[in-house]
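The form predicted alone is given below as one chain in structure tokens.
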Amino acid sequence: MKRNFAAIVALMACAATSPLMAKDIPVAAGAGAQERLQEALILAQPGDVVMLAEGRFELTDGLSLDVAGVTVKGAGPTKSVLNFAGQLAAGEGLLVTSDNVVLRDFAVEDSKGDAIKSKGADNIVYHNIRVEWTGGPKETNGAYGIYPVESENVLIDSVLVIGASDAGIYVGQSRNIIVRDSIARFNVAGIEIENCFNADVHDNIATKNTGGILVFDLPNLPQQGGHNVRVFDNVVVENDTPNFAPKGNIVASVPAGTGVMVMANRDIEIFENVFDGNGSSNIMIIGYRQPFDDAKYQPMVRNVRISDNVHGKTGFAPKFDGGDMLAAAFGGTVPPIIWDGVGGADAGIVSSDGVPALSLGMTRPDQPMESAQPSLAKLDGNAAPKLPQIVMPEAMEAAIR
């Protein structure tokens, strides 16, 4: 009998944490929403769905979730709105630090800091979310819209971000990433992949940003050596918003009118995108130009394959140092592809797009523009082999079907 009683107790304990016991936790908008929503996020158990009702949740403080396996689901990105205009502190709107989380079908507006940040959260899904700073592009807007960092398996799908003073959709120091079917507009950087390994950025629209899509690698970070990133099937057009990043931010140096910028990365593919109306350049490939003291850091770009892109009007209003002079030298517009030239043929920068490419003729990434030796470049050499498709775990894909 004692043995049977112990078995029953153990069975009850397992049942209490089983996904079979998962439940919906409805949270209404209106007075007291701050306390109700944070309490729901604290008390949720793995498998639970925190259901945001239709309405505006007027919030005065950031929210946090540290329970694994929870879904936060609204009624739609125009119907369930987390509004942080009255936020008293400058932290995140929503911070997630647990694995296997799904965030979907709601909006975040006017957060003082980053809108939604996830840190060390593996297998995280962002789906059908709108993030917006409703006052338009301003330096005082929060830095990042969607901001997963230090994670493995990141899926960003059908997201809209407007007005971030750094990057609208940003993934940093992570591995195995997909950003797809999303729209970024009126941000400094529309989409940014920074210090990441293995990412696919495809079927997005990046427009009216300062720079459309950035693939960066920076020094002095726990994960560096960014590589294996594919940028394809995107529409990158009219990225003409003046740079409104706070001074000192790395993206404050991104020239307005940049389509895709690759900095200090390796093994990159840029293919089957549509470029048009980017005043500085459609594709810019440069090394890291700032001083650094990280002995392990590699500042130059290596192995970039450019192919099958459509190039519309570009280079007509270059906003980088020496741009006007270069435009004058090349008949009034800068070529669609600009490369700093560091490494020469050994750098493996290859284009089959059939459009002019400009090499700045530099021998090191931090070389002053005044000493550049620009010339048209024939981009052939030994590029990296084609990169594999990124695949998410089936459970992550199933969560948004």
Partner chain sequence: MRALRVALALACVATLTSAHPAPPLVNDDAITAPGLPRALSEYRFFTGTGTASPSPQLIGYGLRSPLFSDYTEKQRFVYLPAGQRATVRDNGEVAFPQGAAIIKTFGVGQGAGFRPIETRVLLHRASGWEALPYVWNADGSDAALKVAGTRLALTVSRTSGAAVDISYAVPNKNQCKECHQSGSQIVPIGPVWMNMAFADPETETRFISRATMPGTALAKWPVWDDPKSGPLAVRARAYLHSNCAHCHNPAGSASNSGLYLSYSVADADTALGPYKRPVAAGRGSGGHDFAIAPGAPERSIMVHRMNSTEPGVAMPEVGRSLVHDEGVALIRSWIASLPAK
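Numbering follows the first chain given and starts at 1. The model shown is predicted, which means the values in this text are computed figures rather than measured ones.
Not pictured, yet referred to below: the form predicted together with its partner chain.
- Using a 4.5 Å heavy atom cutoff, Leu95, Glu150 and Tyr170 all lie near its partner chain in the predicted complex.
- A heavy atom within 4.5 Å of its partner chain in the predicted complex is found for one listed residue only; from Ile183, Val102, Ala327, Leu218, this is Leu218.
- Among the residues Arg302, Lys73, Lys208, Lys112, the one placing a heavy atom within 4.5 Å of its partner chain in the predicted complex is Lys112.
- When its partner chain is considered in the predicted complex, Gly331 lies well away from it, no heavy atom lying within 4.5 Å.
- Although the partner is absent here, Asp200 lies well away from its partner chain in the predicted complex, with no heavy atom inside 4.5 Å.
- Its partner chain is not shown here, and in the predicted complex it never comes within 4.5 Å of any heavy atom of Thr134.
- When contacts are judged by a 4.5 Å heavy atom cut-off, Ala143 counts as touching its partner chain in the predicted complex.
- Only one segment in the set 220 to 228, 233 to 241, 272 to 280, 183 to 191 has any non-hydrogen atom within 4.5 angstroms of its partner chain in the predicted complex, and it is 220 to 228.
- Residues Tyr288, Gln290, Pro291, Asp293 are the ones in 280 to 294 with at least one heavy atom within 4.5 Å of its partner chain in the predicted complex, listed in sequence order.
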